[in-house]
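Heads up, the chain below is alone and in the form predicted on its own; it's given as structure tokens.
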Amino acid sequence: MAGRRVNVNVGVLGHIDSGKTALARALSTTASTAAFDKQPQSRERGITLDLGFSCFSVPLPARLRPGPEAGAGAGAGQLQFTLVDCPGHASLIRTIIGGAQIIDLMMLVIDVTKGMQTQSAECLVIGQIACQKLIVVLNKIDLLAEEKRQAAIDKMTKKMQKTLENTKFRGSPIIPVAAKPGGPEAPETETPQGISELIELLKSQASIPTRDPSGSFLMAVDHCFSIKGQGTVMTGTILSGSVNLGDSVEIPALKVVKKVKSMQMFHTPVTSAMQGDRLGICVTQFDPKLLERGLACTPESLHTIHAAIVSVKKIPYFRGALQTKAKFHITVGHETVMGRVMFFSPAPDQFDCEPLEETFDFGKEYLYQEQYLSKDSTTAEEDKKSDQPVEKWPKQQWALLEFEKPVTCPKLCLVIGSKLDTDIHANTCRLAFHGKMLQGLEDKNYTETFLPKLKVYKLKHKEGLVERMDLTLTPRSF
């Protein structure tokens, strides 16, 4: 089918000042209204403060063309890479998490002169949760002395290979580039190095993402602004379903329904769009100040919840135990709220049962846990006293999340729990756990109406001292 367009969303993540925005600029041919630090505050501070979007296209590689189309040449279609430029500053990790949830492939940008830094590590953790493929980009190779450049690149490549060894990204490709030779103040005439090789690598790593136009429309809105004489534009990435010109869409957080007046993809007018597409939707009579970031959806397809049951996994780099009743920053899509957790697990004789990925069985009984069960949740002293075997961790655990303020989100969405109040200068991972939303509790009085259906029990025992024991012996005792 000539003219076919395949869109792949590529996250550009890394520590602050590793050159992410310069890399996005060097790769891109088309920028959105929110690209390359266009915000005045970003230009003033010299750092990325929000998600930036831009794109470039290449002929669809033969290996991605279906059937006879494989030999049809350049007319067989286009492979579009939409770059999601994420902030790198520690205080903006909420935005980074939001950006990571809409990507198919991740580029981890490393300053070759500094190597892995704190936010590089957090971005790697987020990538392991949110996507399946990684490319490591060693940027700023122009800062290395020419006679020692290759040796330094080889050394950093080996370091990064070792870092990735114990992650899902083991064996991922690593490529050196100089996105902006000479630094930010250098003239634009300076030609970036390694960009054509990076594009070839992206083409080789890209796969056609699974896209489904059916079901309810849901879009993660990341920018909202007005255009004089036209209306208000909401830009974002479609998470599910599809949308057509003239459809009605709801902004559930505001209980507002608007009709789609026009739509664009990177300045190109379109009449329809589907899951995975980067889109701008224009509506009328809507104040953009009411919506900075959030969701747009098919009317009445989303609901606001006050609590949720999620399947949880601890992030191994988080130090310390995950305690029941503790408060965490809970990120659901682009929204982050405070929430209190209660952990629970299957009954001990059910620890080896295979996980239920997308459902929760209310017919079963569950064991209350004072904390998430993991190898680092007990001390060595406790392990010595325990008669249980070493492999005593359940294959699946859950948490009841109680939000301090209601959130609007779809079922089965990604949930990340963090300790964002941790000192950003501390060399520690602030991301604590991740999971999948299995059941949202819409009733404000869920503690009375819903929680009684959740069968969570506590194991109790009493300790005492026997001071005296009377034994009466009879002939039958012998």
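Each residue number is its position in the shown sequence, starting from 1. If you're wondering where the values come from, they're calculated on a predicted model, not measured in any experiment.
Another form, the form predicted together with a small molecule, is not on view; read the next lines as being about it.
inquiry  = Using a 4.5 angstroms cut-off on non-hydrogen atoms, would Pro181 count as touching the small molecule in the model of the complex?
reply    = Taking the distances in the model of the complex, the answer for Pro181 is yes, it comes within 4.5 Å of the small molecule.
key: Contact of Leu245 with the small molecule in the model of the complex (heavy atom, 4.5 Å)   = The answer is no: Leu245 has no heavy atom within 4.5 Å of the small molecule.
query = Is there a heavy atom of Gly236 no more than 4.5 Å from a heavy atom of the small molecule in the model of the complex?
reply = Outside the cut-off, so no.
ask   = Contact between Lys314 and the small molecule in the model of the complex at 4.5 Å, heavy atoms?
value = No, Lys314 is distant from the partner.
request  = Given that the partner is absent here, state which listed stretch (140 to 148, 247 to 255, 214 to 222, 274 to 282) has heavy atoms within 4.5 Å of the small molecule in the model of the complex.
outcome  = Of the options given, it is 140 to 148.
query = Looking at Gly339, Pro176, Gly127, Pro87, which is the one with a non-hydrogen atom within 4.5 Å of the small molecule in the model of the complex?
reply = Exactly one residue meets the criterion: Pro87.
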